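Next up is one chain by itself, shown in structure tokens, the form predicted alone.
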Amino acid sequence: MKEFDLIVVGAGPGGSTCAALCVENGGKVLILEACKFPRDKVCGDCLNPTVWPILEQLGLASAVRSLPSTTPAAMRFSVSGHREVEIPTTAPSDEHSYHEERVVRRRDFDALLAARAVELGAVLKDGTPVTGLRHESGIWEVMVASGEIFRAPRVVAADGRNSVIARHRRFYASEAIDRRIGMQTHLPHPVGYDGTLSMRFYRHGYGGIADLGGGLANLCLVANKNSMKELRREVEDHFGIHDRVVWRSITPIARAQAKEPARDGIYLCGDAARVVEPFTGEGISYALRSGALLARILSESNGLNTPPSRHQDEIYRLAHGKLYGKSIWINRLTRFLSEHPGVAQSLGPLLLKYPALLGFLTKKVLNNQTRGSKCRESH
């Protein structure tokens, strides 16, 4: 058995951020990742402007900007059969803002974060799925597929919406009831696609497309299970995609929120704690910020060298709730519309008639980065 101060399960944005910052504060940290790096994830590949302070804290802002990526100037909203509305993602005076929206492939972004954690001193074991967990004399023992056992007084579950750790310890009030499917493909720019970050409501669901640079685009779809086949056909017709493309899928998209983000020395961050709808990179943003928040709380007052306590759990619970705050209502609206495409088809054209409202919603998601921007309409 090998012993650590902290075991982080999951090397995505939340897990790698938490591990890196805990190591920087003197902790001995192990990261266990089920997949082998580099690996793709079903994701919109968008970084919300709110991520940059965390990336600067990690010393990665310049490195992320050096990855193949693009900086979208606008968000385009549309409903099939109706006009389009574009909302600038930066105000005219902020066109060279240091905290911009950026589109970057998750396989590159996640690998960079994990490498930074290792550079700072974390031990990373990728291709190492967790198979079991038990509590012995105040220490968590984490078993992996190879048969190895690792020990630590604290475990961070950063392994996504289907968290093995959270399900094993029954952190969820109920099993997932979300019947939607998410699908994603990376493909050459479809004919006529101009590279604008776009979100479109179709008759059978909704989809987004983003420019990854180098002529490559990320195309994501969300639909109820019984509608995905029709949505794929509708999207492929819309973009004129006639060649076979490789789709990756994920289901469920959402799951019941964790009853509590911390208990008995186990801490949840990112999607393991609370799933947000895929909208301009909010999921990645919340993962990074919750990972950094958890690292700060675990490292305060020499926390990693003291036994876990209910007081520390309570501090994280309150701070985690404050992190999400009231802004999550926009994600709830997005989820409702994706679950009810008929309603989206009815309400969508009405929203498009009031671009100022769409600008307001976009500004909220982008942390007020669109302040003072003007909207453009097309037919």
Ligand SMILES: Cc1cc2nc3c(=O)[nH]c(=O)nc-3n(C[C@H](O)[C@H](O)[C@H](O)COP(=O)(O)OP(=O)(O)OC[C@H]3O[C@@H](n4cnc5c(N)ncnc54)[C@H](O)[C@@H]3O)c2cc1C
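All figures in this text were calculated on a predicted structure; none of them were measured in a lab. Throughout, we count residues from 1 along the sequence that is shown.
A second form of this protein, the form predicted together with this ligand, is not displayed here; the remarks below concern that form.
Of the residues given (Ala114, Leu304, Val164, Leu212), Val164 alone sits with a heavy atom within 4.5 Å of this ligand in the predicted complex.
Contact annotation: of the candidates Glu234, Glu100, Glu282, Glu86, the single residue with a non-hydrogen atom within 4.5 angstroms of this ligand in the predicted complex is Glu282. Here the chain stands by itself, but in the predicted complex one stretch of 121-129, 256-264, 146-154, 186-194, 121-129, has heavy atoms within 4.5 Å of this ligand. By the criterion of a heavy atom within 4.5 Å, Pro72 is excluded from the residues contacting this ligand in the predicted complex.
Proximity of Arg105 to this ligand in the predicted complex falls outside the 4.5 Å heavy atom cutoff. At a distance threshold of 4.5 angstroms between non-hydrogen atoms, Gly270 is in contact with this ligand in the predicted complex. Among residues of the shown chain, Leu60 is not one whose heavy atoms approach this ligand to within 4.5 Å in the predicted complex.
Along 209-231, residues Cys220, Val222 each place a heavy atom within 4.5 Å of this ligand in the predicted complex.
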